[in-house]
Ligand code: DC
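Presented as structure tokens, the chain that follows is alone, the form predicted on its own.
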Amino acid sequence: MRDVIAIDGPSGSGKTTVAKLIAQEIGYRYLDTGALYRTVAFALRKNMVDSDDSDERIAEVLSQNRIMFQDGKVFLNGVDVSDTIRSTEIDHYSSVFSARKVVRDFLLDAQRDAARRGNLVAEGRDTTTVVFPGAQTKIFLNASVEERAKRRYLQYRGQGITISMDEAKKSIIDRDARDAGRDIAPLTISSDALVIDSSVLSIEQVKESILEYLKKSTSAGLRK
């Protein structure tokens, strides 16, 4: 495995934006694991799979689909679905389906393979604990529920999706409960992760904090 910087955190913590900036700054490849799970949810719903369907049914549908993350975009059977998967419905189902072992097994090898092909900045909800437990650098990015709800609200409004602040907050709270309460790979803070609360920090400030931490790490010589 090449050098891996793994960033975990709850929905709306800013990990996607920060991971992209860090990867660009130090010249590493970027992996958005959340986009992979969203694409799985999109593929399953497109095939009328529901949350209470059997593992066999889910595995059957997934075996007929090809998912790939490349150059910051996610593709389903060769079609760019990067924007299509950013909806409230897919947000819900990506969380629901991600609790299924058959789904996590389907994506695990694809995620680890990305680290075999080059130095990587990966972000998600179990990258530090399950996908890349041996990552050289682990970071847990957090923020208050109120701040994360505000970010989600602005994100959806920017995409033309109608949502109220109350709905955005409920979505965040519900997602937190599902992510932390699932039996398989729950969202937890790795004991060796740097924890950053971004509630009152700008994206630039979070980026600079991580870059400063990287400079002090033992593998800093591998990075700019």
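Position 1 is the first residue in the sequence shown; the rest follow in order. Remember, predicted model here, so these are calculated numbers, not experimental data.
In what follows, reference is made to the form predicted in complex with this ligand, a form of this protein that is not presented.
- Figure note: of the listed segments 142 to 150, 67 to 75, 112 to 120, 95 to 103, the one touching this ligand in the predicted complex, with heavy atoms no more than 4.5 Å away, is 95 to 103.
- In the predicted complex, this ligand stays beyond 4.5 Å of every heavy atom belonging to Arg29.
- At a distance threshold of 4.5 angstroms between non-hydrogen atoms, Thr33 is in contact with this ligand in the predicted complex.
- Using a 4.5 angstroms threshold between heavy atoms, Lys138 stays clear of this ligand in the predicted complex.
- Using a 4.5 Å cutoff between non-hydrogen atoms, Arg182 counts as a contact of this ligand in the predicted complex.
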